Ligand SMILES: C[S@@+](CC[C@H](N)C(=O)[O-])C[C@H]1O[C@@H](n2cnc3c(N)ncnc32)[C@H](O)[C@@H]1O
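Below you'll find only one chain, the form predicted alone, shown as structure tokens.
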Amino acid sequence: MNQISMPPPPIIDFKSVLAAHRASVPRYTSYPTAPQFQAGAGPALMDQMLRDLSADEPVSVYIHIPFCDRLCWFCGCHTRHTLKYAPIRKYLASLHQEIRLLSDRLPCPPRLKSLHLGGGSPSLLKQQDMADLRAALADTFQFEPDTEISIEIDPSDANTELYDGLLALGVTRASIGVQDFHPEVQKAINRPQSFEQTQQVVQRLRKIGIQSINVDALYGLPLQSTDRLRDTLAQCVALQADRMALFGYAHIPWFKKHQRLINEADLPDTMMRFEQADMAAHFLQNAGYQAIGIDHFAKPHDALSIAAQNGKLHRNFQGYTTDNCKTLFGLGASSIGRFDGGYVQNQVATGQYQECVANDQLPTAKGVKLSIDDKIRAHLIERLMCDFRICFATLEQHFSGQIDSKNLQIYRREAIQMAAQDQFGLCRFSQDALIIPPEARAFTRIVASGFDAYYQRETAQYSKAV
């Protein structure tokens, strides 16, 4: 029997796409995005967050450790360099005080579904400090047998005390920063780290029972070529990680001054960034990983892959996740919390954060309250970022009772108009759904920005669209 050959997917002129759209686009780990957070709005929103929390509702917690013992020039996180442990110990005392202040205001200890420690380098913490942190959290939240506890690890911090600390904290998943293994690229970003060193860490983590391993890599780095990135990915695959995150380097020297140490002449141009991202996606899928959203990859057995297949993938400040909790408590300087009514952010500067808790005040500073329009647009953007499609029949079910179905037609009409005006093939409207075809998924953030009511009228600068 003759097979019917399918036509190849249309070729998208990415140069024309980027020329027609703003060069920088939000990563959409939240909506509204952080530039919309309002100074001074945090305390009132935090009060509402605590009032709205139901007794049986599971919650998530993110803890920010804003210290590193080496300053990587590519980093866009809120962190500071220190070679002494004293500032970290002082900060941990403030963190414990914040946990106590929160505990005093909670009606009962909520069930803890997931806990994530990020930074900075939380792997700097000493064993006893990790054990003490676990104890403080256990006084405030109910740990359960299936609570996921994850932590970001810099392999240069690895020693026996770190592994003992991970066991004391109860870590179930570790995320290891790699970025790139090529020595010249590492020198250009001030991040020396050998493959052998990283492999030893992965092997030791497996040995102590941490079976879920994530590896982070970057494309778009200075002196990074497509071949060098391919070599790095091959070494990452050899680590047999369960998940991989491949982010595009965000060069934002106006926001992170240490990035000025990077020679901009060494950065790949937009064409090369696109080629790197495209090569990497094909390489990792050929190596047995499934593509998750726009920048994550996971083995078929991993919970992230299963969630993506079942339409239960979510996106938050840590990227793609299986976490479906409505409430996320952010602890530590600059941490962002989320609840059904909005977002709250702690004081960003470590000194101001510590001053607040020393005065027995929760350190929330900024925030944004969500209107029903914000909630709907947040849902539309998240589904595009996770599923590459929006089904409008499902939208009506999701917001049933919250808004009249006639008003939801506004968003359907927006989607139809977006598809009709799209001259590049980035999206189409079919069978009551807005769909981003596979060949256009590199431009998902651009499509998602079409639902962003703030994006077109703001002047905030974001990372490159690709």
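Computed from a prediction, not measured in an experiment: that's the story for all the values here. The first residue of the shown sequence is 1; numbering continues from there.
Keep in mind the form predicted in complex with this ligand is missing from the figure; the text below concerns it.
J.: Mark L218 yes when one of its heavy atoms lies within 4.5 Å of a heavy atom of this ligand in the predicted bound form, and no otherwise.
T.: It does: once this ligand is placed as it appears in the predicted bound form, L218 has a heavy atom within 4.5 Å of it.
J.: Using heavy atoms and a 4.5 Å limit, would one call F247 a contact residue for this ligand in the predicted bound form?
T.: F247: yes, in contact with this ligand in the predicted bound form.
J.: With the cut-off set at 4.5 Å between non-hydrogen atoms, does G119 touch this ligand in the predicted bound form?
T.: Result yes; G119 sits at the interface with this ligand in the predicted bound form.
J.: Looking at the partner-bound form in the predicted bound form, is E152 within 4.5 Å of this ligand by any heavy atom?
T.: E152 belongs to the contact set for this ligand.
J.: Specify the contacting stretch among 355 to 363, 68 to 76, 126 to 134, 390 to 398, defined as having any heavy atom within 4.5 Å of this ligand in the predicted bound form.
T.: In the other structure, the partner sits against 68 to 76.
J.: Of T350, Q179, Q276, N346, which one comes within 4.5 Å of this ligand in the predicted bound form, counting heavy atoms only?
T.: Of T350, Q179, Q276, N346, the residue with a heavy atom within 4.5 Å of this ligand in the predicted bound form is Q179.
J.: Among T322, N316, Q235, Q259, which has at least one heavy atom within 4.5 Å of this ligand in the predicted bound form?
T.: Contact residue from the list: Q259.
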